[in-house]
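Shown next as structure tokens: one chain only, the form predicted on its own.
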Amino acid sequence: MARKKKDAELLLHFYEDMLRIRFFEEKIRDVLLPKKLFRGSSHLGIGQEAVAVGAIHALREDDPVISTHRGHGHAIAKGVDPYVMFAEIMGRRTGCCKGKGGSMHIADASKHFMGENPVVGSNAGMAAGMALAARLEGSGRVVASFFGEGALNTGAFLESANMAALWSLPVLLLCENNRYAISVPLEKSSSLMELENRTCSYGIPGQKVNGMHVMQVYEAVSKAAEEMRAEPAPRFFVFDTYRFEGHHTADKESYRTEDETIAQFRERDPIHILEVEMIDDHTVDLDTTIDMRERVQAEIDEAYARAVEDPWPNPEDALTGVYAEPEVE
């Protein structure tokens, strides 16, 4: 009986964070984009929420996480406030990077969210460096690096995997395989469909996980992180997932059909899968899920309403935050 109560609390916690990510990105798509409240484009991960939530909640609060251009979900799961993220995306002074970074450069070191990195594959090297520091300091921390399947074909990823294996670095290499690298389907970019075998040559064990099932993600990463704290070594996961939106907010999606996307959404929406699981198992009742949806939606609406009224940076703000403050005179 005690186990069931604990599981219900955990599932509801996952459900809340997945809704928070979904509603945040729907606000970008449905409000910020048509009102032209940000410059450039934004890369949404709608459909990939279970990977972010399951993996990050399997880690300690002080475990660093580093992300990609599609990192809103990772930031929110790591505890970054949606209000400062809205402000950042809209270029306001109150943004987590003072409005200078935008959608693809969100970071908050106070939450150990070490930032999004739009250059594909680049964060693997940074993660390996942080993992080296964690190992030298003996903190028991592990570093999580998220990337898409397109990054597997970059030299930066392969070089980083080699060094991580050579130096037994506690780095989690977390591949979100959403099937398309921008517009290129996996079968046209990879000679090997079993992506979990990509790191075998370095001696890094790989594992494929259903990325639409949050508990499967959580359990797999929890087990790996525990083993890595006991004996530092890299681990590699490939999460089978799907993005229901285009590569970015200006993507015309000519590389796939609308029927494909609709079918994926109907069959594999990770939030719906979790709802059905909780309700069918009588872990959580329907009214509780409805109340939570309304509460989280109101939270996101309020965060956006605050951020959109915030001031723009002053011209002189461009000269601040450029260099690190010296620690030694």
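Please read these numbers as outputs of a predicted model, since none were measured by experiment. In case it trips you up, residue 1 is the first one in the sequence shown, and so on.
Heads up, the form predicted in complex with a small molecule isn't pictured, but that's what we're talking about next.
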Exercise. Are any of the heavy atoms in E88 no more than 4.5 Å from a heavy atom of the small molecule in the model of the complex?
Worked result: no
Problem set entry | Partner proximity in the model of the complex: H69 to the small molecule, non-hydrogen atom cutoff 4.5 Å | yes
For this session: Please check if G101 has a heavy atom lying within 4.5 Å of any heavy atom of the small molecule in the model of the complex.
Result: no
Problem set entry | 4.5 Å heavy atom contact, R135 to the small molecule in the model of the complex | no
Exercise. Would you say all of A161, I204 and P232 touch the small molecule in the model of the complex, counting a heavy atom within 4.5 Å as a touch?
Worked result: no
Problem set entry | Region of this chain that lies against the small molecule in the model of the complex, out of 207-215, 177-185, 232-240, 190-198 [heavy atom, 4.5 Å] | 177-185
Exercise. Of R141, H247, H112, R92, which one comes within 4.5 Å of the small molecule in the model of the complex, counting heavy atoms only?
Worked result: H247
Problem set entry | Interface residue in the model of the complex among A165, A220, M126, V120, criterion: non-hydrogen atom within 4.5 angstroms of the small molecule | V120
